[in-house]
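One chain comes next, on its own, written out as structure tokens in the form predicted alone.
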């Protein structure tokens, strides 16, 4: 009875149901109105994500998702020649991979609400500090991700969203609107703090509301307890859920 929202992405999506996570908060926002499914895969880029499409979004599903977020790019933007180059995906391939994901979702359901989320900004010193906390003197000397590269991939994500006429969230820019964003919103130079998660939640809820998927306007799956008559409860269930 409830529509489904699928969160598809990398570790920032995978961690979204941790304490203070944006996915958990989204599930709370849509409690009793929509089911939120997390399909986040730490370390994945868009190239590897393509192998998952038919399992996560089967074309023969009787109940395709009503809405989905696509949140990749942080790994695609890893710098060649550094420690995470295995995850790197060239810029134009990144765009085309996102296009393939979007087209597949549209094939699942022509009415699905798709929201592309750009990779977040990168605090390069924060990434280096995190590496030193793990490896000490053996830590890498150069960050494996840069904010400059993240910006380029974020712009490509937005470019595709405009071309395909779908909604998007420019998280790269949004987080940097706040002074001290590096430590306020990022826990290790890349992943989100509870405050960073709150921004993602705010933006996703805003975009959903601007579309046709506002939690405030959706019915409960079953009647609210306040409309159930203690002596004749069956009457509430004979009516359409409110």
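These figures come from a predicted structure and were not determined experimentally. Positions refer to the first chain, counted from 1.
Below, we refer to the form predicted in complex with a further copy of the same chain, which is not included among the displayed structures.
Original post:
Just to confirm, residue 178 within 4.5 Å of a further copy of the same chain in the model of the complex by heavy atoms?
Top reply: No.
Original post:
Taking heavy atoms only, is residue 218 within 4.5 angstroms of a further copy of the same chain in the model of the complex?
Top reply: Judged by the heavy-atom cut-off of 4.5 Å, residue 218 is well away from a further copy of the same chain in the model of the complex.
Original post:
Is there any non-hydrogen atom of residue 41 lying within 4.5 Å of a further copy of the same chain in the model of the complex?
Top reply: Heavy-atom contact with a further copy of the same chain at 4.5 Å: present for residue 41.
Subject >> Any non-hydrogen atom of residue 87 within 4.5 angstroms of a further copy of the same chain in the model of the complex >> reply: So residue 87 counts as contacting a further copy of the same chain.
Original post:
If contact means any heavy atom within 4.5 Å, which of 182-190, 195-203, 169-177, 55-63 contacts a further copy of the same chain in the model of the complex?
Top reply: Only one stretch qualifies here: 55-63.
**OP:** Let me know which residues along 12-34 have a heavy atom within 4.5 Å of a further copy of the same chain in the model of the complex, or say none if there are none.
**Re:** Counting only heavy atoms within 4.5 Å of a further copy of the same chain in the model of the complex, the contacting residues of 12-34 are 14, 17, 18, 24, 27, 28, 31, 32.
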